[in-house]
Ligand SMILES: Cc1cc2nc3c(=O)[nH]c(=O)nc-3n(C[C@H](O)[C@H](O)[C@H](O)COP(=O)(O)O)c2cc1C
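We begin with a single chain expressed as structure tokens, specifically the form predicted on its own.
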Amino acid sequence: MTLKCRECRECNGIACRGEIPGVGGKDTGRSFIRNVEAFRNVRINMDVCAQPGNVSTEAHILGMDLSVPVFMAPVAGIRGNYGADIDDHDYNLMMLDGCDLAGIRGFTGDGIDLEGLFAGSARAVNDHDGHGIVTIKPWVKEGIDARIEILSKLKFDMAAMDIDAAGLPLLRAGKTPVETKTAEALRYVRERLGKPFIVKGVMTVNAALTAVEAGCDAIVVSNHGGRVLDDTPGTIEVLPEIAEAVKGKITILLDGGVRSGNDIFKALALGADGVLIGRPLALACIKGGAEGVRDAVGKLQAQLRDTMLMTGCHVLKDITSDKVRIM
């Protein structure tokens, strides 16, 4: 299979900068690159002067029991962005199968194609006993209502809105456009859904507090993988200030630049409850199907377990800010 993705040794956005369609970041690609590089400025404090004992990576997030605090991020446009000879429906089926095998959950995608991309993805979640998070783009009210009508007949764990997709030109210019969202607009979606609701695309304290005001259940600190605005900070750079403002008021997830179990550890230490991973797990799914996802998540889990062992952490709540240092 010949893919647009170069499958770099480290998925860091350098080789594919500006390649959209494709997997690169917008314009210079610096936002994507920064997401990855910023993790390298967080160092782990090794400390094995600790009580011996078993290490568990199990997490309980938003009522879901997970083998590791990882979610597959929403990915859409598989043919256009990855060059893979599969459509989004088949990708989502494999992705959700892989998440089931790995003991995690996945986010499905959304797009202009209401019946094909959105409804097909939502039905894939329904067919997995509702085990998945359905993503809705930040459409104007007409587009939101159409999608909620589809969801009213289906099973799904919860829904998310990637408000950062308001920056996608193709969606802004569509027949049913996307828009930025206020607390009132987010509250409308939460109340119509009647399910836990996640807001993805939070990069400031103001946005996090807006999600809390709207009654949302979780936020995802994310800059859409660097695909909507050039020159943003890395997501791990803004996480501590956001966590300081809303920790304990709302579940905090982080997306962007997570490439290893060490990175998962760093995100948890700086205030996240879990992470989303997009490009690397999407590529594992495209190339290896459900088993590819299972194996990739298993590697992340093993890395996280090793890091916890070498820092005196037995369970996830032991991963605190003193376990890392920011350089």
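Small disclaimer: the values here were computed from a predicted structure and weren't measured. Counting begins at 1, following the sequence as shown.
Not pictured, yet referred to below: the form predicted together with this ligand.
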| query | finding |
| --- | --- |
| Contact assignment for this ligand in the model of the complex, among 76, 84, 245, 112, heavy atom within 4.5 Å | 76 |
| Stretch in contact in the model of the complex with this ligand, which is absent here, among 177-185, 142-150, 76-84, 95-103 (heavy atoms within 4.5 Å) | 76-84 |
| Within 4.5 Å of this ligand in the model of the complex, all of 190, 252 and 274 (non-hydrogen atom) | no |
| Touches this ligand in the model of the complex: residue 279 (any heavy atom, 4.5 Å) | yes |
| Residue 294 within 4.5 Å of this ligand in the model of the complex, heavy atoms | no |
| Partner contact for residue 23 in the model of the complex: this ligand, 4.5 angstroms, heavy atom | yes |
| This ligand contact in the model of the complex: residue 30, any heavy atom under 4.5 Å | no |
| Residues in 241-273 close to this ligand in the model of the complex, defined by a heavy atom within 4.5 Å, in order | 255, 256, 257, 259 |
